[in-house]
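Take a look at this single chain in structure tokens; it is the form predicted on its own.
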């Protein structure tokens, strides 16, 4: 399962407003719910996970990847992406503030490994991060994240 298979352009939003990390996770999670990937219970579980385990899911400077367990309400494996209008603090000493929130919902621990490897590679590329942060449209951000170029189609 490749990154482009679990993150669709329809699940990318830019300029999202959130007053704190909980709202940021809630807004990102709404996309998972709207996409039929997870239930509202899963979004609440992502928030509880941060409250319980801390901000370990802030994986790099400015980037959070909230998630919860499959049994918390995952319907199918998928990702969403939001770029915040104003970054928020998650309480991570080294990687705050966060402006990119990428919620993950996985049906098991194995189905998304290839897609996560692709995402990690993309997020470690400064040029990709620049393109994502400067994207004018959700489709531009999606293309930067997935590496799918315009006109290449999805498939």
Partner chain sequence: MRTLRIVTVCGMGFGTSLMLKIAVEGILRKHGIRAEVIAWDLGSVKGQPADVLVTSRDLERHLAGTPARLVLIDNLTDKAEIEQKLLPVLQALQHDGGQHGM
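Residue numbers count along the first chain shown, from 1. Keep in mind that this is a model prediction, so the values were computed, not measured.
There is another form of this protein, the form predicted in complex with the partner chain, and it is not shown here; the text below is about that form.
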Among the candidate residues 54, 36, 40, 87, which is the single one with a non-hydrogen atom no more than 4.5 Å from the partner chain in the predicted complex?
54
Residue 123 near the partner chain in the predicted complex, any heavy atom under 4.5 Å?
yes
Should residue 65 be counted as a contact of the partner chain in the predicted complex, where contact means heavy atoms within 4.5 Å?
yes
Any chance residue 97 has a heavy atom within 4.5 Å of the partner chain in the predicted complex?
no
Using the partner position in the predicted complex, report whether residue 31 sits within 4.5 Å of the partner chain, counting heavy atoms only.
no
Sequence-ordered residues of 59-86 touching the partner chain in the predicted complex, heavy atom within 4.5 Å:
59, 60, 61, 65, 67, 68, 69, 70
